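Starting off, we have a lone chain in the form predicted alone, written out as structure tokens.
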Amino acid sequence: MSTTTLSTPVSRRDFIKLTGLAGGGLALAFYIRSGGEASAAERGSSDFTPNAFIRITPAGAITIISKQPEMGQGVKTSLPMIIAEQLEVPWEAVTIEQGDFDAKYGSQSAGGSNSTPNNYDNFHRLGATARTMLVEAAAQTWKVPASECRAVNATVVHSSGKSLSYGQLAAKAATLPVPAEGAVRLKDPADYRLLGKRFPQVDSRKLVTGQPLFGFDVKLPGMLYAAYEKCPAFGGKVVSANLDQIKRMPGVKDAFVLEGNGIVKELVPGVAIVGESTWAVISARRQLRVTWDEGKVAEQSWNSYVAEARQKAAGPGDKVLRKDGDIGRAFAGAAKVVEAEYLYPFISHASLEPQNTTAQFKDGVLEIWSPSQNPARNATAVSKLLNLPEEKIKIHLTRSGGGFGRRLSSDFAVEAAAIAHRVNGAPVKLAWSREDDLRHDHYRPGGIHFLKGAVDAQGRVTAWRNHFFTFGEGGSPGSGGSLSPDEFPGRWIPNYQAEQTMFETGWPMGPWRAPGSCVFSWVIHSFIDELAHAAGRDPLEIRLELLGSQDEKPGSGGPRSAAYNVARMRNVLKFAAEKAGWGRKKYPKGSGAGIGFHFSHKGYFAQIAEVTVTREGQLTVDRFISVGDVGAQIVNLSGAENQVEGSVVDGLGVLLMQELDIERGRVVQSNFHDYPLIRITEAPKKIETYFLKTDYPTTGLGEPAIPPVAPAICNAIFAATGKRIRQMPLTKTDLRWS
């Protein structure tokens, strides 16, 4: 990768095209150009800014910019750690600043566990390039070869023992050209002082002391407040509203209908109320009376779709995703055949901070403060809606109180922008209520799988059929609602058929943590467990048999698929079994262990749950073991462990109780009293987390640890009680046993 500077400025639109052509990679040359294109004299400053992310002042202050949105996943800490490692600076000497949305930073979307893999290599080079320039500045100052100098603890030391701090070298380094790629050497991982160690998040103190960080915390002079009422049925439109009455209420500045422009789907029609205080707006909203045209979606309900799926289950799917071998013959000659229906509901993201955005339209410029996972998408949508050039849109990134994929959408930011544009002048904070957040989410789609599997006389799985009913709109399934043709175990079973039937709805859907994988893993590994028990086989043994025994070299990608490395999965599976003492423990009635594994978002995870179920049906997860392979380097061990532990708790919470009822095109649940989240008393008593370091690229951890959670726990419940869990949440199953 070249480190030469670009000769001409790059617009935001051109940069997006440039990085898109490069496969989504980020051009190091662009980083360096955008942050250090001017000499110190031209900038009127002696600060050393070799790229867009590093700033060192003559006083020795070291600042690293974190460009990715922070929503609790820890990237505001972990990504700057990579730069600091190569820059050779003590972590406690570094100040981290959240970067606003700016083309000079490249892609700033946080989703799909991509923040680490998309930035890891470039951030190493950025830090190493800056370190190389500081060493060269010292060498020129002393008139010695750079090979006689080394950097350590924000200081360059000569072999004679003399030294200069980075602050003392800042002005000199700022005048130097960027070194060629061959002149920049990365540190040996054996010499890492930061990476792989445990560090608290940089915002920890602010979080526990209640200092402002989140979108809800934004306060600006002269700020107004807004609420936005939308039709309870998805896709409904305003017919009329008592706007004149609302406008006369105390503290209300305005009330109006927004209908959108037919181009931006993110703006759902509704009624906006703007006032001088949150209380004024809430009070007025309670008096709002709207007549709605609810549209055709109001005719759709979850239960009717489930009934229809059951009627069509035995028939062919609308689409055959994959067909291998002859499943008819395999079933006819099977020793045992197992059939099962697996069903899971729509669920909400339910982030603790409801959606919100503050916006101000003034002098032709729209300024936005938003807890967004994808600010570029916000800018594009707002530009289309308001016919405003993207250059006139400025976006500040606030910390998000949870995201899980929800804040990849732009609806809340678009609503705030539309309201502020109408107000014209004053900043306006739009804050959704908890009810808004639950009833106007972009949901993880539910699904129904009708499975049929066969085992032969030797207990081997010989056939598998899955007729999957999913939900979508416009001919495309909702995010995570499309079963991959290569989804395990379709890769390895000789007679395999996967079919999909889609119900066309107007229900809003979006990515929910580990889209697709979070539910497919539960279905697949639960049914594998059923087949193992039907065959009288050990559940671990049959999984290893399905995977095969191929040995692979690092980087080979796997014998059957470039995206699936069998050896890596076998290794995490065997390691988890060893840590759990699989096959060596005896469990009393009411206790048992279950296993699951999954490959998603470039990460390999195997998990084992040990549970106890009382005769009265009370479940306790006694011990939960997670083993992951996410490549060669764990960046921040504390953050990595937090991500895995959080995935386990999140996965258990969804399994225990989360579901949405959709009737007449609307969500029935309204708040946490009827959509409960997991409590600390329901969390596993003990979670053990292990990482296998391998010679593969470093990947992310926000999602790959969650898919095996549900099957591991459900399979353990079966081992403990003999009750097979085929429907989420667990509240649908009576766990009592005798």
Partner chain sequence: MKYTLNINGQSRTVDVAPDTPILWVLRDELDLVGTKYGCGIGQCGACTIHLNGVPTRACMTPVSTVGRMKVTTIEGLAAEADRLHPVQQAWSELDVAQCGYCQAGQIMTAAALLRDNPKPSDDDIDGAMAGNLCRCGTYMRIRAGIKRAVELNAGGKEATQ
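Numbering follows the first chain given and starts at 1. The model shown is predicted, which means the values in this text are computed figures rather than measured ones.
Although it is not shown, the form predicted in complex with its partner chain is what the next lines describe.
Asker: Quick one: does Val144 come within 4.5 Å of its partner chain in the predicted bound form, counting heavy atoms only?
Answerer: Val144 lies outside the contact set for its partner chain.
Asker: Mark Ser113 yes when one of its heavy atoms lies within 4.5 Å of a heavy atom of its partner chain in the predicted bound form, and no otherwise.
Answerer: Output for Ser113 is no: heavy atoms all beyond 4.5 Å of its partner chain.
Asker: I'd like to know whether His467 contacts its partner chain in the predicted bound form, with contact meaning heavy atoms within 4.5 angstroms.
Answerer: Because no heavy atom of His467 falls inside 4.5 Å of its partner chain in the predicted bound form, the answer is no.
Asker: May I ask you to state whether Pro212 is within 4.5 Å of its partner chain in the predicted bound form, using heavy atom distances?
Answerer: Flag for Pro212 set to yes.
Asker: Work out which of the listed stretches, 198 to 206, 446 to 454, 95 to 103, 607 to 615, brings a heavy atom within 4.5 angstroms of its partner chain in the predicted bound form.
Answerer: Correct option: 198 to 206.
Asker: If the cut-off is 4.5 angstroms on heavy atoms, which of these, Leu352, Ala314, Ala563, Ala183, is the one near its partner chain in the predicted bound form?
Answerer: Residue within 4.5 Å of the partner: Leu352.
Asker: Could you tell me which one of Glu294, Asp217, Glu473, Glu499 places a heavy atom within 4.5 Å of its partner chain in the predicted bound form?
Answerer: Contact check passes for Asp217.
Asker: In the predicted bound form, which residues of 637 to 662 put a heavy atom within 4.5 Å of its partner chain?
Answerer: Residues within 4.5 Å: Ser638, Gly639, Glu641, Asn642, Gln643, Glu645, Gly646, Val649, Asp650.
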